[in-house]
Ligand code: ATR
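In structure tokens, one chain follows: the form predicted on its own.
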Amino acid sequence: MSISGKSRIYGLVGDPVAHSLSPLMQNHAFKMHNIDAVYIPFHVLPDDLPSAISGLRALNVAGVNVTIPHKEAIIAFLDQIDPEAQLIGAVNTVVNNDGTLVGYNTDASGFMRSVCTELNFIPEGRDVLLLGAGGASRAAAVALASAGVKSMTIANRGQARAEKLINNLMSHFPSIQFSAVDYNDNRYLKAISVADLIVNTTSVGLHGEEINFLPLENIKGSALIYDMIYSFSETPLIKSARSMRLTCINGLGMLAAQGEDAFFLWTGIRLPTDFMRQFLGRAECRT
């Protein structure tokens, strides 16, 4: 990689960022398409987010991805928000248009491509359960609702946040049966038992911790499990689910798909289908 005074700078804003595979795959895409650009991680603590966004403007950073815990908070510091990102209430991609920072959300499209192709999931008329009510959950909820699921339960440690998310969605998707529950609610166990798709949108498992609020024995055998946490090694949820012969995948496919969409927003170049997923697959084989 050769950096010059003309190189465009892209990056990732989050806390943490050291684990991220985004620099690996985005820099590969720049290299393969002869784009004079570099993608680097920016570790930004929550209290430093306002000054970090000012820094992006001052340094003329061309664009960034946004990850936990900033996907919702960053909206207040941007100039424009894409309508879908506005509905989701979270931003994971920012484009710097000559000093105007525009927020987008490619998590929704990336998640839907991944869950439908890798799990052969057909959303129409299905019952889904989302764990967590943060920015990633918002993206999955909008994507699944737009695809026509029958019912959606959002479970969170603290029901109020899940209720707030559902109240926002109900007016846009009146035909869907929405529920907000706490992990200690009996309705949560019922939702687990009937769900056709269960999605972990929380960060639990990122550092190897067990998801002790998801009793796998309550899940029906035909259910599909999607763990948004991505890793070349099995997350505790994936490992436990596979030991019980449940169908499950991690978030590598979503990471790749949302990254391809972000790359298009930054460069105007549409990458070949599964370009980044295939690259991550090759990288995984080398580890």
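Here the structure is a predicted model, which means the values were calculated and not measured. Numbering starts at 1 and follows the sequence shown. Think of the rigid core as the biggest set of C-alphas that the two forms share within 1.5 Å after superposition.
Only in words, not in the display: the form predicted in complex with this ligand, which the text now covers.
Every member of the trio Gly158, Arg161 and Thr202 reaches this ligand in the model of the complex with some non-hydrogen atom inside 4.5 Å.
Scanning Gly134, Gly103, Pro123, Gly89 against this ligand in the model of the complex with a 4.5 Å heavy atom cut-off leaves one residue, Gly134. The stretch that touches this ligand in the model of the complex, counting heavy atoms within 4.5 Å, is 126-134, out of 143-151, 126-134, 168-176, 187-195.
Core-superposed comparison between the shown form and the other one: the C-alpha position of Asn250 differs by less than 2 Å.
If you fit the rigid core between the shown form and the other one, you'll see the Cα of Glu72 move by 2 angstroms or more.
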